[in-house]
Every structure is written in C-alpha cells, then in structure tokens.
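Next comes just one chain, in structure tokens: the form predicted alone.
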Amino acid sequence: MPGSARVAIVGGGISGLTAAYRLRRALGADAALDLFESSDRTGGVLHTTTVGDQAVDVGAEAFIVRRPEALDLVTELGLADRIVSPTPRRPAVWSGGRLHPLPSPALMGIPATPAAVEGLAEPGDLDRMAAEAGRPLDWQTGADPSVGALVADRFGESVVARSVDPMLGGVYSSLAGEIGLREALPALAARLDGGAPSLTAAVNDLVSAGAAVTGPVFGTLVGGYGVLLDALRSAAAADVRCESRVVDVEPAEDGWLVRTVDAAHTYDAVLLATPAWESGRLLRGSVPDLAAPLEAVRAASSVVVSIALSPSTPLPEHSGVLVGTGEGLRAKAFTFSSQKWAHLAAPDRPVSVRASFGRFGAPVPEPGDEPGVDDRLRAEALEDLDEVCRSAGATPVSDRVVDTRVRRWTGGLPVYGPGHLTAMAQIIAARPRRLALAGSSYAGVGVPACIGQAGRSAAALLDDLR
C-alpha cells in the first residue's frame, strides 16, 4: 500500500507543501500525491513578489531560528546558505505621538521591571508594577486567562496597550485580551502553575533563562519565502491543481472521497491543510462532531501595504515601529525592511517598507464592501509613515514613493483564544483513520510551528497506511 498509495493534500500553503514533501520522501516516487489549492497560487500567507523591482515578502517575512523545524527544513532542502539574520537595529513603540524604545527586558512585551516601560506606561501603572511582587497572586493551576487580562490585573492597562498589544498583535493579528496565556506564552503559564509567587517573578525567571541563550532569534531567506516554496514544490513532486476548490470530503471504502466543483476523486488518505473553519466546512456532512469545533475557530484578517521608496531615502533609525492600541495611527505596525535586513539595503536599491493594517475585531473592508479601499490604505500608510518620520526628526517620505502593493490576508490567522490549544488537541486525537489535519490552527501560527504540525500529520497518515 505505501508505495502505491493515493493521497490528497487539500491546501497549498506552507503546511500543505511541507506535508506533501514529507509524504513523498516516505512513500517514494510511485505514490500519487494530488495537491488541491483553491487560489491561483501555492504558498498561502507566504508570498514573495516584486515591489519597486525588488523581491520582498508581503506575507510572513521571518521565522524563529531557535526553533528547529524551519531551520531543519531549509537546511534539508539545501538552502542553509540563504539564511540571514536581522541587523542590530531594534523596533520602536509609537505612543503619545512619538517613538519609544522597545521595552527591555521583557517577555513578549510583558516588562520584567518598571524601568523597562518608564516613559511609556502611566505613572500609576509603574507604581502598580513596582508593588506587584508584594501583592497576593490568586492563581489556580491550569488556569488559562487571556494575556491581556492577566497583565492588566497585575501591571495595569497602559502596560497592555502600549507594550503587550504591540508585540502580540504583530504575531497573532489580535489584541492581548483575545489571546490565551497558554496559547501564546506556555512557559509563563507553567511558571505560574509551578508556584511562582508573582507575575514579576515568573517573567524575570524566563527573561533570565532566555538571556543565557545566545545568537539571533529570527532569520529570513535571501530571495524571500518564495525560494523555500519553490524548493518544496519541486521536491514534493505532487500534482498541484491550483484554482481547484474542494467542496466536500467524505469517507469511502478504505479511504476518502474528495469532491471538487466539477469532479470526485477517491484516495487512500487525505490531509487537510486548510484553515480550521474551512476544514470544518469540508467535513460538515460526513464528520459533524469534528466539523463543529473546527468551524467555531475564529479568524483574524490583515492587510500588508508594501512600499518602495527611492534609493537612499532616510528613515528613523529602527527596524520598524509597533503601534500602541488607541494611539492615533491607522496602521498597526511598520517594518523598515531595508533597515531590518542587510541584504535588502544597497545605495542603488529602493528602500522597502511594510505597513500592516487590521486585526481581529477590526477588519479592513473588502474592495467589494468599500470601493477604493486599497487606495485609502495606501494614502493612510504614507500619512502615518510621514508622521512617524517627522516625530523622529526625519524628512517625510510620501513624495519619494516609486511603487506600492496591497496584499490582503482575509481570514489569514486563527484566533488563539483561551482554551484554543486544548480544543485543537482534542480534535487531533479524535481524527478519523486516514484523515489528518495541518495548518496554523493547531499548534502555533508561526512558520516553524506549521512545518512541525505538517510533519506530524504526514507521519500520522503514514502510520494509518501501513
């Protein structure tokens, strides 16, 4: 069976392509691997395109190199020489109409000391932080509050809005009040479960442990994520069917039936590498008990405006800007890509900037709902960027634009609310035989997490087939 297996992969993002690659490696050249992708391209929320005659990522742009999954896959595919680290520049936080240093030491924006957010947080909240270690901590083992609720209670609302929200918002496209503690910061939850006497103590323990780890935290690829996607497609050697929308998946004798708009195909196994809510829709008629919790997962959307400025355009001396909640700018963040990544910086190259909009609960309208919305986003991105530049003593840049590109990620990320990981683990444990689930909904939203989940899902299918 394994050598002659027929397997369908539904979804052509990084998860689907990684799963297809793992299956090909295990099953050999004779296995039939069909990959169905509803859009006109593979890659999902990873997308490298040309803006200002320069290849840039308009989706995710980096991965954590301290996790092994992405680093190992890139190395396995012979791309290790393309990995680069960020420059020493650090992001700033926008609050009160000006730029502030990124709080440090901190754990995903949760400051370890009041001094880390001095000048950023409200004076009353600085006092609250200073006294927090002496306040009783009512913590129940196994509790899963939102990150925002915990930090607001112990450190104050301004710490959440001006330090934690900006950090977590860039990762999850949600505010800290929507993100579960165990989902985003499991090590912090474990410290509290283990008896840490205060949030201050738990954060300081983790910050100290992290300080002992040397080397860069993030990396990216010269040429963008498109280089990785191309290598995966080639190595997987799957029959990729773009613009092929799957409408239903149901059990068949010793396998599964996959229906598209115009055909039906029978497979020995199926791997759904689609968002949880989409996987739930596909299984609604055949596995309703599994479909219901999958469809209940909420989605966050975002938009990236990629901007190319004329060569040598000066920007504030940061790698980017994270915007505090309710701080006046329409964009939620800026990445100064040419200052963050040295390989994008050259005197004769355009200066690359990314502006990000939208988060859970505050989506950007679709063009069908607001005609001309993309033009509005371009204008707002440049107006906000000009304001940031003026505040830092730099010249406004909106008259130096040479190219822009708007890229939407509608339903691009699942919301990792309290209890999400527990619910997803139960779904994975209850999966029917020869059906597996992969993607950003199950074990983390980052690229390494998606690669890891795809590998585990492929391994589970192989066990079923054997």
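Nothing here was measured: the structure is a model prediction, and the numbers come from that model. Numbering starts at 1 and runs along the sequence shown.
The next section is about a form of this same protein that is not shown, the form predicted in complex with a small molecule.
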Checklist line | Segment assignment from 62-70, 395-403, 417-425, 22-30: heavy atom within 4.5 Å of the small molecule in the predicted complex | finding: 62-70
Item checked: Contact assignment for the small molecule in the predicted complex, among 204, 313, 244, 198, heavy atom within 4.5 Å -> 244
Check: Of 231, 181, 294, 282, which one comes within 4.5 Å of the small molecule in the predicted complex, counting heavy atoms only?
Finding: 282
Item checked: residue 443, heavy atom within 4.5 angstroms of the small molecule in the predicted complex -> no
Next item on the list: Indicate whether residue 39 is a 4.5 Å heavy atom neighbour of the small molecule in the predicted complex.
Entry: yes
Item checked: Partner contact for residue 321 in the predicted complex: the small molecule, 4.5 angstroms, heavy atom -> no
Notebook entry, point to check: Can residue 304 be called a contact residue for the small molecule in the predicted complex at 4.5 Å between heavy atoms?
Noted result: yes
